[in-house]
Ligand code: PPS
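Have a look below at one chain only, the form predicted on its own, in structure tokens format.
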Amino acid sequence: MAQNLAPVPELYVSYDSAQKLKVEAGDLLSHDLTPRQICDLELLMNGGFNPLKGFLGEEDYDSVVETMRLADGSLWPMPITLDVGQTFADQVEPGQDIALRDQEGVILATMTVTDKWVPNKAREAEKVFGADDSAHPAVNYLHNTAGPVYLGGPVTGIQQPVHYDFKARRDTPNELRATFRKLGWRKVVAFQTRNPLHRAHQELTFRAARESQANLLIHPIVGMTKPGDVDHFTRVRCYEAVLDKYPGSTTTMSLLNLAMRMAGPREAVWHGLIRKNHGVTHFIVGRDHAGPGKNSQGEDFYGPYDAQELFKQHEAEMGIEMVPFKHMVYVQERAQYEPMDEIEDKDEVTILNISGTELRRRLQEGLEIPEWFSFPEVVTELRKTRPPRANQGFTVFFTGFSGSGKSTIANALMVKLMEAGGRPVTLLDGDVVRKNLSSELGFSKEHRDLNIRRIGFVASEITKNGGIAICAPIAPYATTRRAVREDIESHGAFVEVHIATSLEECERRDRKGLYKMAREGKIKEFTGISDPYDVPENPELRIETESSDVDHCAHQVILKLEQMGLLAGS
């Protein structure tokens, strides 16, 4: 049997053993997995991460970080680790079995802990992602979401995570290999995507399959992608809408529940190994494959061809052939897509292209998206999820010192928006939220973060359902504000407004007498006095209140919302 069609090893036990393990696991210490860990566990158990037998131990982790190889020399570029909180880690010792459960408490696997260690996260960021720069979503996750302690050890699979959506489109590596065997497909080229498919992608995939003389697997990622990406439900509906544009006998689609790291070159090699496990022989690697965008200096994290070069270096060892992604553009005179580097009469023809940024702008503003660029069915689906901005929900998030005027300006803004009408408006004021949502919380950093995350959760639900949320907490920590922004921007716009009243002016006003009490030591961890405030670096709007009245400040916000297209111009 062709090597790409033979079954790969899985980590699941038999049905009878699984039933027995479920009962025994009731006595084990349980870890509730994060969404990213659930994606990782699923691919560990079903063979997608073969040759891994579990979450990496310390020796394998160090080797992967430094050399892109496991300790035994096998190529593996991405550290797959089980990060946990300090409290949980304190209860675990090497040699102990723990139960791994989903977020509803359903057991998925057990793990024998062989290693427990505190990683050097700055080193991991530098080596794996190329820089310890929190502008990179995976580096931000590493420092601000992932637990401080890593556990490693082999996993025993009991059952796969439950998916209620697109069940017929989800295949394990062995199910895909069986499909290829049944269809008689010996050569298969995979197209990896986290974006909707447009006409350029269709032409690109056609060409890749034709040049490789291979069948085509459209293999989109539906686990975790880059914050701000189109949600996977919309994307899969888009993929299904264009699937009939492909020849049915040589094309299939399957969904991959992978948590991307946006690690550029390393990620491309990782994606290749995962596709190899799924029975694929050829893999399309794009320009800036799995790139996260700009770093803190405003430059791309990776060069446009870094991923292709690293993949090419390891191609023979991986046993999967790279098909380079060509930059496709539309030639108006010939009414067709062609690779940019193959157009010899560039100066004599009209070359058309729409960037991702331009597409988002057209969707936001309700402008026409030409048929040469995308399929009407895809545009229809995108417009359902991304209506013009003036019809979307959004969040206005005020931040500033206590006494800076946030609540007063937020109230004025609420009244002005309600006067204009059109969308329901909800004010989530810091003091009101403390009373109704977070009455049990104190003012430690952990509790402040939790309070802001709760406000963010409520605001994201309001935004998702087409309303306007106005938030007015102090929100002193930049990392928490960023997390709230990411939660909300997957549903609508997030408008950060920094009320830049100076600390001296806030202390002079001191309507509630809080600053006086903080100076006397009667209030601990008071923002600006005994606890830091991270001044927003790039808010959508910064308002100086010391020489402006409340009405003027609120009107500045209205003008900003109009400029952003969130309110129809008056």
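Numbering starts at 1 and runs along the sequence shown. What you see is a predicted model; the values in this text were computed from it and never measured.
Keep in mind that the form predicted together with this ligand is missing from the display, and what follows is about it.
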{"query": "4.5 Å heavy atom contact, residue 282 and this ligand in the predicted complex", "finding": "no"}
{"query": "Residue contact check: residue 221 to this ligand in the predicted complex, 4.5 Å heavy atom", "finding": "no"}
{"query": "Heavy atom of residue 205 within 4.5 Å of this ligand in the predicted complex", "finding": "no"}
{"query": "Contact flag, residue 503 vs this ligand in the predicted complex, heavy atom cut 4.5 Å", "finding": "no"}
{"query": "Listed range touching this ligand, judged in the predicted complex by heavy atoms within 4.5 Å, from 459-467, 424-432, 317-325, 361-369", "finding": "424-432"}
{"query": "Contact check for 407, 443 and 526 against this ligand in the predicted complex, heavy atom at 4.5 Å", "finding": "yes"}
{"query": "Candidate from 68, 39, 514, 541 lying within 4.5 Å of this ligand in the predicted complex - any heavy atom", "finding": "514"}
{"query": "Sole residue of 197, 111, 475, 176 within 4.5 Å of this ligand in the predicted complex, by heavy atom", "finding": "475"}
{"query": "Within 433-470, the residues that have a heavy atom no more than 4.5 Å from this ligand in the predicted complex", "finding": "434, 443, 448, 451, 452"}
